[in-house]
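Consider the single chain below, provided in structure tokens and representing the form predicted alone.
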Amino acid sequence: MTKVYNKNDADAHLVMLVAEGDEKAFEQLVHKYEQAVFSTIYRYVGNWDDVEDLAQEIFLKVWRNAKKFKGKSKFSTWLYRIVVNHCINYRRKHKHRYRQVSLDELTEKGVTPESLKVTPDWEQRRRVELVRKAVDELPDRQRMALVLSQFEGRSYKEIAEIMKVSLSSVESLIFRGRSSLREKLAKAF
């Protein structure tokens, strides 16, 4: 099978070297993309404790599957496909970790009304948490499309490539996701 690498694409060249077992090339790719991968994982999973482990698993997949990269898309698109699929699978497998805590549970853990006193800083954190919760409740594909669009700044075309869906599907996912968020957050604010 002939590879379709663009000779001007430095990432594609690095992946070709990684496919041949070049650890230095792999380190360069990791260094270049680790912050973006960490950020995407966190925005999707919402738990810093899991981010590093998931990033390691993702980069291990890149190492093991570098030979499968055909160069038909940009490396970053291929990488984000791996990130998206890994995060979706992780969330499905660990749904029990994302449950709400009742006031009774908080009281049992020693949280007092005084510790929940509303301050401007506390109010901002509460709003951020309400948005995070609303995003977490979206269906997987809507959530990922919104994360890639709103937080990662990806174009709809890039999102379509990453998620392996049509451009109109991305538009629909983002529209439905935003509509759901507006509805959920209107009740909260």
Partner chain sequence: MKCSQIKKKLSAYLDGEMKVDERQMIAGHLKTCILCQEELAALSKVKETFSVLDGMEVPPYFMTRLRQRIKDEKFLATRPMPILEKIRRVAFSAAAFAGVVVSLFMGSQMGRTLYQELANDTQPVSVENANILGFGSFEEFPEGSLSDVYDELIKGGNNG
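Residue numbers count along the first chain shown, from 1. Quick caveat, the model's predicted, so the values are computed rather than measured.
Separately, the form predicted together with its partner chain exists; it is not shown, and the next lines address it.
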Residue-level question: is Arg127 within 4.5 Å of its partner chain in the predicted bound form, judged on heavy atoms?
yes
Proximity of Lys67 to its partner chain in the predicted bound form, heavy atoms at 4.5 Å:
no
Evaluate Ile162 for contact with its partner chain in the predicted bound form, applying a 4.5 angstroms cut-off between non-hydrogen atoms, and reply yes or no.
no
Taking any heavy atom pair closer than or equal to 4.5 Å as contact, tell me whether Glu137 reaches its partner chain in the predicted bound form.
no
At a 4.5 angstroms cut-off on non-hydrogen atoms, which residues of 45-63 are near its partner chain in the predicted bound form? List them in order.
Trp48, Val51, Glu52, Ala55, Gln56, Glu57, Phe59, Leu60, Trp63
